[in-house]
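Here we start with a single chain on its own, the form predicted on its own, put down as structure tokens.
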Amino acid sequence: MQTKKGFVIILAALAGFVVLGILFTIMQYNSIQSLNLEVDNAWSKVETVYQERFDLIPRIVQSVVAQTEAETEILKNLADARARYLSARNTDEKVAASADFDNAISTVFPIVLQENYPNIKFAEAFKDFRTTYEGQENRVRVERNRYNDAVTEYNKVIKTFPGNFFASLFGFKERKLFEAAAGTEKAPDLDFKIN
């Protein structure tokens, strides 16, 4: 009877260890899988800000260039009209040049004349672009850093015991950190050429 009771206790203890082992394995799998999903989620956020950047920046550059082209044309028209006025030989030429000057001014939004030069807005457009660009690049940097944090946490778990055992058991592989491409330590050239 004593041996039977001892055998039942040993059998119960073994069953308890098996159940605990199964529960521990399930918990380890779920933990690693959760970290793996966090890495995927972090990368999708990086891709989201990339898409925003790919959509936004070219439109802003195009807008700044268009505004710059328009304002350059206005400045050219103003300078030409002024030069024609100053070189006019008679009143009729001065009236025509003055009318051209007035016409050029009327194409500008609210404009202020300061010593012969209009207060053109393209400098403000470049400043707005720079602010938007810096904000967008900051969002990219933040999401890349969050991705790298998620990858580091995941890799740490699958490379240390007992995570490494369960990672190899269930086929979890090391994830790559985001690394900047060669040459990206240099700031990009932004081309605002007006053709």
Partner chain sequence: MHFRTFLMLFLFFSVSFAQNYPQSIGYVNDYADIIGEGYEVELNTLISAFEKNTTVEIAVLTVNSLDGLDIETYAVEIYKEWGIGQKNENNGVLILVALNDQKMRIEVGYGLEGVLTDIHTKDIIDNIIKPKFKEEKYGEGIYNAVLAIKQIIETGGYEPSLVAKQDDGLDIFDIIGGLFIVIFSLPFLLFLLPFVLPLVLFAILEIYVGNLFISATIAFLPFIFFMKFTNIGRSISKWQGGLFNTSGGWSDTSGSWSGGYSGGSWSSSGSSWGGFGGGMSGGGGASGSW
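Residue numbers count along the first chain shown, from 1. Bear in mind the structure is a predicted one, so any value in this text is a computation, not a measurement.
The following text describes the form predicted in complex with the partner chain, which does not appear among the structures shown.
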I'd like to check something about Ala15: if you look in the predicted bound form, is any of its heavy atoms closer than or equal to 4.5 Å to a heavy atom of the partner chain?
no
Within a 4.5 Å heavy atom cut-off, is Leu169 in contact with the partner chain in the predicted bound form?
no
Is there a heavy atom of Thr131 no more than 4.5 Å from a heavy atom of the partner chain in the predicted bound form?
yes
So, Asp149 and the partner chain: in the predicted bound form, are they within 4.5 Å at any heavy atom pair?
yes
Using heavy atoms only and a 4.5 Å cut-off, determine which of Gln33, Gln62, Thr160, Ser44 is in contact with the partner chain in the predicted bound form.
Thr160
Partner contacts for 16 to 51, taking the partner chain in the predicted bound form and a 4.5 Å heavy atom cut-off:
Phe17, Leu20, Leu23, Phe24, Met27, Lys45
